[in-house]
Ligand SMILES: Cc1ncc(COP(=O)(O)O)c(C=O)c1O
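One chain follows as C-alpha coordinates, the form predicted on its own.
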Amino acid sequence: MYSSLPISSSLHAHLWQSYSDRPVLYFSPKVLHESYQRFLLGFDGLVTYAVKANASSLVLDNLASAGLTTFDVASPAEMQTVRAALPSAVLHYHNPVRSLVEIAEAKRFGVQSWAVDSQTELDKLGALATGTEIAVRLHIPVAGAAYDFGEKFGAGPEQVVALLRRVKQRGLTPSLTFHPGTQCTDPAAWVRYIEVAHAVSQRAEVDLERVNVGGGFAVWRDRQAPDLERVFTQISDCVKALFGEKSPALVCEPGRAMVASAFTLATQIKALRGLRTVFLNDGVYGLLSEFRDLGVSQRYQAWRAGSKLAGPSAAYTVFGPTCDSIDKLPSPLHLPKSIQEGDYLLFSEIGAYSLSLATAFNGYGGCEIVAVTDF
(Lines give C-alpha, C1' and ligand atoms only; values in the text may rest on other atoms or scores of the structure.)
Protein backbone atom coordinates (compact mmCIF):
# COMPACT_ATOMS: atom_id res chain seq x y z
CA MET A 1 0.00 0.00 0.00
CA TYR A 2 1.13 3.52 -0.73
CA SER A 3 3.05 5.41 1.93
CA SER A 4 5.03 8.61 1.51
CA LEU A 5 7.53 7.33 4.09
CA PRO A 6 10.13 4.63 3.49
CA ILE A 7 8.91 1.51 5.30
CA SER A 8 11.08 -0.10 7.96
CA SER A 9 10.87 -3.86 8.43
CA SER A 10 9.16 -3.65 11.83
CA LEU A 11 8.71 -1.42 14.84
CA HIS A 12 11.20 -3.34 16.93
CA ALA A 13 13.82 -3.49 14.20
CA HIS A 14 13.70 0.29 13.89
CA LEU A 15 13.44 1.26 17.55
CA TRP A 16 16.41 -0.74 18.79
CA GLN A 17 18.66 0.25 15.86
CA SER A 18 18.08 3.99 16.01
CA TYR A 19 17.91 6.77 18.55
CA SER A 20 15.55 9.68 18.78
CA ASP A 21 15.13 11.97 21.77
CA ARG A 22 11.56 12.60 20.62
CA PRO A 23 8.61 10.22 20.84
CA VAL A 24 8.35 7.92 17.84
CA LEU A 25 4.96 7.23 16.28
CA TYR A 26 4.98 4.01 14.28
CA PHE A 27 2.47 3.73 11.43
CA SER A 28 1.45 0.51 9.70
CA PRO A 29 -0.24 1.00 6.30
CA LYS A 30 -1.05 -2.73 6.40
CA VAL A 31 -3.03 -2.40 9.64
CA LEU A 32 -4.88 0.69 8.34
CA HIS A 33 -5.84 -1.25 5.22
CA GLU A 34 -7.08 -4.15 7.35
CA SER A 35 -9.24 -1.79 9.44
CA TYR A 36 -10.78 -0.33 6.29
CA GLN A 37 -11.43 -3.80 4.88
CA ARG A 38 -13.14 -4.83 8.12
CA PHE A 39 -15.68 -2.04 7.69
CA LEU A 40 -15.94 -2.53 3.93
CA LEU A 41 -16.73 -6.23 4.28
CA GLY A 42 -18.80 -6.07 7.46
CA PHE A 43 -20.88 -2.90 7.22
CA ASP A 44 -23.95 -3.04 4.98
CA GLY A 45 -23.58 0.39 3.38
CA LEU A 46 -21.26 3.24 2.49
CA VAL A 47 -18.08 3.51 4.59
CA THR A 48 -16.69 7.02 5.04
CA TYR A 49 -13.84 8.31 7.22
CA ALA A 50 -14.16 10.97 9.93
CA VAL A 51 -11.10 13.10 9.20
CA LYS A 52 -11.05 14.70 12.67
CA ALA A 53 -9.64 11.49 14.17
CA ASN A 54 -6.37 11.78 12.27
CA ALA A 55 -5.92 14.17 9.35
CA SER A 56 -2.36 13.08 8.55
CA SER A 57 -1.62 12.87 4.84
CA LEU A 58 -0.29 9.36 5.54
CA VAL A 59 -3.75 8.25 6.63
CA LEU A 60 -5.68 10.07 3.90
CA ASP A 61 -3.33 9.00 1.12
CA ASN A 62 -3.43 5.37 2.20
CA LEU A 63 -7.21 5.28 2.58
CA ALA A 64 -7.62 6.88 -0.83
CA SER A 65 -5.28 4.35 -2.40
CA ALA A 66 -7.26 1.55 -0.72
CA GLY A 67 -10.40 2.77 -2.48
CA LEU A 68 -12.16 4.94 0.11
CA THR A 69 -13.84 7.84 -1.68
CA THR A 70 -16.04 9.63 0.89
CA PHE A 71 -14.85 11.66 3.85
CA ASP A 72 -16.68 13.25 6.79
CA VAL A 73 -15.22 16.73 7.26
CA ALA A 74 -15.86 19.28 10.01
CA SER A 75 -14.21 22.40 8.58
CA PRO A 76 -12.93 23.97 5.35
CA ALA A 77 -9.38 23.17 6.49
CA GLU A 78 -10.24 19.47 6.54
CA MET A 79 -11.84 19.81 3.11
CA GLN A 80 -8.60 21.25 1.75
CA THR A 81 -6.57 18.43 3.31
CA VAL A 82 -8.84 15.76 1.83
CA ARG A 83 -8.81 17.35 -1.62
CA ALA A 84 -5.00 17.31 -1.54
CA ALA A 85 -5.10 13.54 -0.98
CA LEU A 86 -7.98 12.81 -3.36
CA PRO A 87 -9.19 15.63 -5.63
CA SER A 88 -12.35 13.70 -6.53
CA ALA A 89 -13.31 12.92 -2.92
CA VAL A 90 -16.96 13.13 -1.89
CA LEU A 91 -17.32 15.45 1.11
CA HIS A 92 -19.93 15.09 3.86
CA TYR A 93 -20.05 18.24 6.00
CA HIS A 94 -21.73 16.87 9.12
CA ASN A 95 -20.61 19.43 11.65
CA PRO A 96 -24.11 20.95 12.04
CA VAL A 97 -23.03 24.43 13.24
CA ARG A 98 -21.29 26.61 10.63
CA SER A 99 -20.56 30.26 9.98
CA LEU A 100 -21.65 31.90 6.74
CA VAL A 101 -18.01 32.03 5.64
CA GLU A 102 -17.62 28.31 6.27
CA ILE A 103 -20.80 27.59 4.32
CA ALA A 104 -19.52 29.59 1.35
CA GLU A 105 -16.21 27.71 1.48
CA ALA A 106 -17.99 24.36 1.68
CA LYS A 107 -20.05 25.19 -1.41
CA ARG A 108 -16.84 26.09 -3.21
CA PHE A 109 -15.43 22.67 -2.28
CA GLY A 110 -18.57 20.97 -3.62
CA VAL A 111 -19.90 19.43 -0.42
CA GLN A 112 -22.52 16.81 -1.32
CA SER A 113 -24.13 16.16 2.06
CA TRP A 114 -24.91 18.58 4.89
CA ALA A 115 -26.11 17.93 8.43
CA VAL A 116 -28.45 20.25 10.35
CA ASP A 117 -29.97 20.12 13.81
CA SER A 118 -32.03 23.34 13.87
CA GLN A 119 -34.18 25.50 11.64
CA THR A 120 -31.65 28.32 11.96
CA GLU A 121 -28.83 26.18 10.60
CA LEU A 122 -31.02 24.94 7.74
CA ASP A 123 -31.89 28.52 6.78
CA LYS A 124 -28.22 29.57 6.91
CA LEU A 125 -27.39 27.13 4.11
CA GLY A 126 -29.27 29.37 1.68
CA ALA A 127 -29.80 28.21 -1.88
CA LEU A 128 -28.75 24.64 -2.60
CA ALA A 129 -29.14 22.59 -5.75
CA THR A 130 -32.39 20.62 -5.93
CA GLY A 131 -31.86 17.16 -4.49
CA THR A 132 -28.91 18.08 -2.27
CA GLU A 133 -28.80 15.74 0.71
CA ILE A 134 -29.63 17.24 4.11
CA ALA A 135 -29.08 14.82 6.98
CA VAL A 136 -31.08 15.91 10.01
CA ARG A 137 -29.14 15.08 13.15
CA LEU A 138 -31.08 13.22 15.83
CA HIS A 139 -30.21 13.05 19.51
CA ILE A 140 -31.79 10.83 22.14
CA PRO A 141 -30.40 9.73 25.51
CA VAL A 142 -28.70 6.33 25.20
CA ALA A 143 -26.16 4.51 27.33
CA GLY A 144 -23.09 2.54 26.32
CA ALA A 145 -20.54 5.18 25.27
CA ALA A 146 -17.52 6.71 26.99
CA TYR A 147 -19.10 10.13 26.61
CA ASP A 148 -22.20 11.52 24.94
CA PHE A 149 -22.02 13.71 21.82
CA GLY A 150 -25.61 14.84 22.28
CA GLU A 151 -24.79 17.57 24.78
CA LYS A 152 -23.45 19.65 21.89
CA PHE A 153 -25.27 18.51 18.74
CA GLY A 154 -28.56 16.96 17.71
CA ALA A 155 -32.28 17.67 17.75
CA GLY A 156 -34.96 15.81 19.67
CA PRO A 157 -37.57 13.69 17.88
CA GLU A 158 -40.21 16.45 17.66
CA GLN A 159 -37.79 18.88 16.08
CA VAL A 160 -36.46 16.22 13.71
CA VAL A 161 -39.98 15.58 12.41
CA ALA A 162 -40.40 19.29 11.62
CA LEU A 163 -36.97 19.55 10.00
CA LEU A 164 -37.50 16.51 7.78
CA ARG A 165 -40.74 18.01 6.50
CA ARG A 166 -39.06 21.33 5.73
CA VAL A 167 -36.16 19.64 3.93
CA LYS A 168 -38.66 17.79 1.71
CA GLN A 169 -40.70 20.95 1.09
CA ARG A 170 -37.56 22.72 -0.18
CA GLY A 171 -36.90 20.08 -2.80
CA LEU A 172 -33.87 18.72 -0.95
CA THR A 173 -33.15 15.07 -0.18
CA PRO A 174 -34.05 14.16 3.42
CA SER A 175 -31.76 11.84 5.32
CA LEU A 176 -31.08 11.30 8.99
CA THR A 177 -27.85 11.07 10.97
CA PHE A 178 -26.90 10.39 14.56
CA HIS A 179 -23.89 9.54 16.72
CA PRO A 180 -24.22 7.06 19.61
CA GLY A 181 -21.19 8.50 21.46
CA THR A 182 -17.51 7.68 21.45
CA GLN A 183 -16.19 4.20 22.30
CA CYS A 184 -19.68 2.71 22.19
CA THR A 185 -19.63 -1.04 22.78
CA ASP A 186 -23.35 -1.82 23.01
CA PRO A 187 -25.22 -2.48 19.73
CA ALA A 188 -28.42 -1.54 21.57
CA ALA A 189 -27.42 2.13 21.29
CA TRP A 190 -27.55 1.97 17.47
CA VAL A 191 -30.72 -0.11 17.56
CA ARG A 192 -32.50 2.44 19.74
CA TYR A 193 -31.48 5.29 17.45
CA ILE A 194 -32.70 3.38 14.39
CA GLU A 195 -36.03 2.70 16.10
CA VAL A 196 -36.51 6.40 16.74
CA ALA A 197 -35.32 7.25 13.22
CA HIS A 198 -38.04 5.02 11.81
CA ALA A 199 -40.67 6.53 14.11
CA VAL A 200 -39.85 10.14 13.22
CA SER A 201 -39.76 9.42 9.49
CA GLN A 202 -43.20 7.83 9.78
CA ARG A 203 -44.58 10.80 11.68
CA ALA A 204 -43.04 13.24 9.19
CA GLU A 205 -44.36 11.15 6.28
CA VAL A 206 -40.93 11.35 4.71
CA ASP A 207 -39.01 8.51 3.08
CA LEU A 208 -35.41 8.74 4.21
CA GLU A 209 -32.80 8.50 1.46
CA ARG A 210 -30.08 7.42 3.88
CA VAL A 211 -29.47 6.82 7.57
CA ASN A 212 -25.98 7.71 8.72
CA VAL A 213 -25.26 5.71 11.88
CA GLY A 214 -22.26 7.87 12.72
CA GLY A 215 -19.04 6.74 14.30
CA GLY A 216 -18.60 5.73 17.91
CA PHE A 217 -17.33 2.26 17.02
CA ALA A 218 -15.04 1.12 19.81
CA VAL A 219 -11.37 0.15 19.65
CA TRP A 220 -9.37 -2.14 21.88
CA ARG A 221 -8.21 -0.15 24.95
CA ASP A 222 -8.13 -2.83 27.63
CA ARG A 223 -8.09 -6.59 27.40
CA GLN A 224 -11.09 -7.30 25.20
CA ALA A 225 -11.35 -6.62 21.49
CA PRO A 226 -14.63 -4.95 20.42
CA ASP A 227 -17.06 -7.08 18.45
CA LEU A 228 -17.70 -4.73 15.53
CA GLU A 229 -19.30 -7.42 13.40
CA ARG A 230 -22.04 -7.86 16.02
CA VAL A 231 -22.72 -4.12 15.83
CA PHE A 232 -22.79 -4.21 12.01
CA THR A 233 -25.25 -7.13 11.97
CA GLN A 234 -27.66 -5.59 14.44
CA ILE A 235 -27.67 -2.28 12.57
CA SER A 236 -28.50 -3.98 9.29
CA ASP A 237 -31.09 -6.34 10.77
CA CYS A 238 -32.86 -3.54 12.63
CA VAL A 239 -33.12 -1.29 9.55
CA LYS A 240 -34.49 -4.10 7.38
CA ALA A 241 -36.99 -5.20 10.03
CA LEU A 242 -38.38 -1.70 10.59
CA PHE A 243 -38.22 -0.07 7.15
CA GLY A 244 -38.78 -3.16 4.98
CA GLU A 245 -38.92 -2.40 1.25
CA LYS A 246 -38.41 1.31 1.95
CA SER A 247 -35.16 0.73 3.81
CA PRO A 248 -32.84 3.74 3.46
CA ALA A 249 -29.25 3.21 2.42
CA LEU A 250 -26.83 3.03 5.32
CA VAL A 251 -23.74 5.18 5.90
CA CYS A 252 -21.15 5.02 8.67
CA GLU A 253 -18.36 7.45 9.47
CA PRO A 254 -15.75 5.73 11.66
CA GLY A 255 -12.77 7.75 12.76
CA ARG A 256 -11.24 6.15 15.82
CA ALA A 257 -12.07 2.59 14.78
CA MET A 258 -10.55 3.15 11.36
CA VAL A 259 -7.20 4.55 12.40
CA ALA A 260 -6.43 3.81 16.07
CA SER A 261 -4.82 0.41 15.64
CA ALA A 262 -2.61 1.59 12.75
CA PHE A 263 -0.33 3.56 15.09
CA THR A 264 1.83 2.63 18.09
CA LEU A 265 3.65 5.23 20.17
CA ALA A 266 7.13 4.67 21.60
CA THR A 267 7.93 6.96 24.52
CA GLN A 268 11.20 6.91 26.43
CA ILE A 269 11.73 7.15 30.18
CA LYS A 270 13.65 10.38 30.79
CA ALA A 271 14.05 9.95 34.53
CA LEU A 272 12.97 7.99 37.57
CA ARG A 273 12.39 9.94 40.74
CA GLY A 274 11.51 9.19 44.35
CA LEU A 275 9.16 6.34 45.02
CA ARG A 276 7.62 5.06 41.79
CA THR A 277 7.61 8.24 39.72
CA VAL A 278 8.41 8.22 35.99
CA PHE A 279 9.07 11.10 33.60
CA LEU A 280 8.41 10.39 29.89
CA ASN A 281 9.33 12.33 26.78
CA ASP A 282 5.63 12.65 25.96
CA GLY A 283 2.51 13.37 27.99
CA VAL A 284 -0.99 14.83 28.07
CA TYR A 285 0.07 17.95 26.17
CA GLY A 286 1.31 15.66 23.43
CA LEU A 287 0.25 12.38 21.89
CA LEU A 288 -1.27 11.07 25.15
CA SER A 289 -3.71 13.96 25.45
CA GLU A 290 -6.85 11.84 25.15
CA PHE A 291 -5.97 9.93 28.31
CA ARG A 292 -7.25 12.95 30.25
CA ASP A 293 -10.78 12.37 28.93
CA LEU A 294 -11.04 8.63 28.38
CA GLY A 295 -8.67 7.38 31.07
CA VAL A 296 -5.38 5.57 30.62
CA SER A 297 -5.41 2.81 28.05
CA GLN A 298 -4.20 -0.58 29.27
CA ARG A 299 -2.60 -1.25 25.91
CA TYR A 300 1.02 -0.56 26.89
CA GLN A 301 4.24 -2.50 27.45
CA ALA A 302 7.73 -1.75 28.78
CA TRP A 303 10.73 -2.66 26.60
CA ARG A 304 14.52 -2.52 26.81
CA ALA A 305 17.00 -3.26 24.02
CA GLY A 306 14.57 -5.32 21.99
CA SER A 307 13.10 -7.33 24.86
CA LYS A 308 9.80 -6.91 26.66
CA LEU A 309 10.29 -6.35 30.38
CA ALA A 310 8.59 -8.78 32.73
CA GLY A 311 8.79 -9.62 36.42
CA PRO A 312 7.12 -8.09 39.50
CA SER A 313 5.32 -4.81 38.82
CA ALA A 314 4.17 -1.77 40.74
CA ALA A 315 2.02 1.31 40.18
CA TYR A 316 4.00 4.30 38.90
CA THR A 317 2.91 7.92 38.72
CA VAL A 318 3.71 9.16 35.21
CA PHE A 319 4.55 12.72 34.23
CA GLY A 320 5.13 14.16 30.78
CA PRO A 321 8.11 16.30 29.75
CA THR A 322 6.70 19.83 30.19
CA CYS A 323 7.20 22.10 33.20
CA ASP A 324 3.47 22.01 34.01
CA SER A 325 2.56 19.77 36.96
CA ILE A 326 -0.79 18.87 35.41
CA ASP A 327 1.15 17.14 32.63
CA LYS A 328 0.40 13.88 34.40
CA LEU A 329 -1.49 10.74 33.42
CA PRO A 330 -4.79 10.59 35.32
CA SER A 331 -4.04 7.17 36.81
CA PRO A 332 -0.86 5.16 37.46
CA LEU A 333 0.75 2.75 35.03
CA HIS A 334 1.60 -0.71 36.32
CA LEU A 335 5.19 -1.23 35.22
CA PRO A 336 7.94 -3.74 35.99
CA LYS A 337 9.94 -2.73 39.05
CA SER A 338 13.08 -3.26 36.98
CA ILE A 339 12.46 -0.27 34.69
CA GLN A 340 15.35 2.12 34.14
CA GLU A 341 16.00 5.46 32.54
CA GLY A 342 16.24 4.94 28.79
CA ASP A 343 13.67 2.14 28.67
CA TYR A 344 10.70 2.50 26.34
CA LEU A 345 6.96 2.38 26.94
CA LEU A 346 4.98 1.34 23.87
CA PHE A 347 1.34 2.44 23.66
CA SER A 348 -0.81 0.56 21.14
CA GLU A 349 -4.08 1.74 19.54
CA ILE A 350 -2.88 5.35 19.65
CA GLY A 351 -3.69 6.52 16.11
CA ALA A 352 -6.89 8.42 16.89
CA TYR A 353 -6.83 11.95 18.33
CA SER A 354 -3.12 11.77 19.15
CA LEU A 355 -1.66 13.79 16.28
CA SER A 356 -4.91 15.77 16.09
CA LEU A 357 -4.76 17.01 19.67
CA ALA A 358 -1.02 17.28 20.37
CA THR A 359 0.27 20.74 21.25
CA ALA A 360 3.73 22.27 21.05
CA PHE A 361 3.64 23.51 24.67
CA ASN A 362 7.11 24.13 26.13
CA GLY A 363 8.61 23.10 22.80
CA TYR A 364 7.44 19.49 23.19
CA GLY A 365 4.68 17.66 21.33
CA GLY A 366 6.63 16.86 18.18
CA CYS A 367 7.38 13.31 17.18
CA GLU A 368 9.16 11.24 14.58
CA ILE A 369 6.80 9.23 12.35
CA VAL A 370 8.06 5.94 10.98
CA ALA A 371 6.16 3.62 8.63
CA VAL A 372 6.62 -0.07 9.39
CA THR A 373 5.52 -3.39 7.97
CA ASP A 374 4.23 -4.58 11.33
CA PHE A 375 4.24 -3.98 15.07
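These numbers come from a predicted model, not from an experiment. Quick note: we count residues from 1 along the sequence shown, nothing fancier.
The same protein also has a form predicted in complex with the named molecule, omitted here; what follows describes it.
Undergrad: Please tell me which of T182, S289, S236, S75 lies within 4.5 Å of the named molecule in the predicted bound form, judged by heavy atoms.
TA: Contact check passes for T182.
Undergrad: Select from the listed residues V318, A50, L60, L345 the one whose heavy atoms reach within 4.5 Å of the named molecule in the predicted bound form.
TA: The option sitting close enough to the partner is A50.
Undergrad: If we take heavy atoms and a 4.5 Å cut-off, which stretch out of 101-109, 225-233, 174-182, 298-306 is in contact with the named molecule in the predicted bound form?
TA: It is the stretch 174-182.
Undergrad: Can any non-hydrogen atom of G216 be found within 4.5 angstroms of the named molecule in the predicted bound form?
TA: Contact check for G216: yes, within 4.5 Å of the named molecule in the predicted bound form.
Undergrad: Can you check whether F361 is within 4.5 Å of the named molecule in the predicted bound form, heavy atom basis?
TA: Contact check for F361: no, nothing within 4.5 Å of the named molecule in the predicted bound form.
Undergrad: Report whether the minimum heavy atom distance between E253 and the named molecule in the predicted bound form is within 4.5 Å.
TA: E253: yes, in contact with the named molecule in the predicted bound form.
Undergrad: In the predicted bound form, do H94, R137 and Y353 all reach within 4.5 Å of the named molecule through at least one heavy atom apiece?
TA: Each of the three qualifies.
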